[in-house]
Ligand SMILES: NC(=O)c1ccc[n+]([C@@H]2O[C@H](COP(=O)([O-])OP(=O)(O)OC[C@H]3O[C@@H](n4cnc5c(N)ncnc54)[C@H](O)[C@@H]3O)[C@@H](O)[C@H]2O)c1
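First, one chain by itself: the form predicted alone, in structure tokens.
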């Protein structure tokens, strides 16, 4: 695979994770420029990570050396800037959310097709070592036929660590747009597309206290619900219980578990690219009925850790989706974290919001293929 020149658009918190991980783990991606509406932020990022060029958006889009633009701007700006990126003839990798509506997502894909450029979108964590290992074990039938998933993103907002939290509580953001994509992409990439959804939404807090940044000490009122409880039915027939919240200080709910007729697979956190799956097999539960021994009773109470089958550079990492996009550009093979998947996830979020507002089930109109798995044995930096 040849080397691709990458430009980072948006130099906020997440840009540092992308810059560090791309430089450390993906030598086929060469960051040649970074840009921000605030040039000083771009200059700071460039100094920290030895990026040759720091500029504003317009200069980045005019730079002929840049082949792929990674859009890391606030969620409400994604679609407008994606239009500009595509119009400039650049391949696009967008941070989530891809769009706030299916119509906007389809518009971006239509523009990209007309321009002859490829599109990718986060989250790409389902391409990481943990969830790809989970995929391999599922495909091999380790827990039989999956029929139920529980997924729980239960945390307390951004106020205690992010200097600019207000965009996360405006329309087009919130826990569904900001965090649910990790869980929805994991579910769809493992078990297939969604058939229908239903949800309730609420706010645990009517005011959010700002602890950091230039507005520390102030309070803001969220424009959107900050807690959703949802159910999803997949085309396969499997059922999902999903909770996403910015209102919960601490929880003991499992973050991600898949239940099959032959056992249970559990995974630490779909927001992370690494993490060892664990398994509980039905034989462990039944064994004491036939052999009432201390060993059998101990196995009945134990989840067993499974080996990860792919390189794990670190737990929380970003950039593998950009590498997959580059591979798709070069080979013509489908982009795993591509537009079809991103549009399906966009509709699922839009449907959950509509259901929470109307009290009715929402039936999905879009679909997607399960992304092609990565074969075990790949070296770090390859896909």
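Only a predicted model underlies this, so the values are computations on that prediction, with no experimental measurement involved. Positions refer to the first chain, counted from 1.
Although it is not shown, the form predicted together with the named molecule is what the next lines describe.
Q: Given that the partner is absent here, state which listed stretch (356-364, 369-377, 21-29, 8-16) has heavy atoms within 4.5 Å of the named molecule in the model of the complex.
A: Comparing against the named molecule in the model of the complex, the contact stretch is 8-16.
Q: State yes or no: in the model of the complex, is some non-hydrogen atom of residue 90 no more than 4.5 angstroms from a non-hydrogen atom of the named molecule?
A: No - in the model of the complex, heavy atoms of residue 90 and the named molecule never come within 4.5 Å of each other.
Q: Please run the contact check for residue 164 against the named molecule in the model of the complex: heavy atoms, 4.5 angstroms, yes or no?
A: Answer yes; at least one heavy atom of residue 164 falls within 4.5 Å of the named molecule in the model of the complex.
Q: Could you tell me if residue 138 has a non-hydrogen atom within 4.5 Å of the named molecule in the model of the complex?
A: Outside the cut-off, so no.
Q: For residue 180, is any heavy atom within 4.5 Å of the named molecule in the model of the complex, or not?
A: Looking in the model of the complex, residue contacts with the named molecule do not include residue 180, since no heavy atom lies within 4.5 Å.
Q: Given the named molecule in the model of the complex, answer whether the residues 147, 256 and 309 all have a heavy atom inside 4.5 Å of it.
A: Judged in the model of the complex, none of 147, 256 and 309 sits within 4.5 Å of the named molecule.
Q: Pick from 267, 168, 272, 280: which has a non-hydrogen atom within 4.5 Å of the named molecule in the model of the complex?
A: Result of the distance check: 168.
Q: Can you pick the one in 245, 73, 133, 118 that has a heavy atom within 4.5 Å of the named molecule in the model of the complex?
A: Exactly one residue meets the criterion: 73.
Q: With the named molecule taken in the model of the complex, which residues across 220-246 come within 4.5 angstroms through any non-hydrogen atom?
A: The stretch 220-246, when checked against the named molecule in the model of the complex, contributes no residue at the 4.5 Å heavy-atom cut-off.
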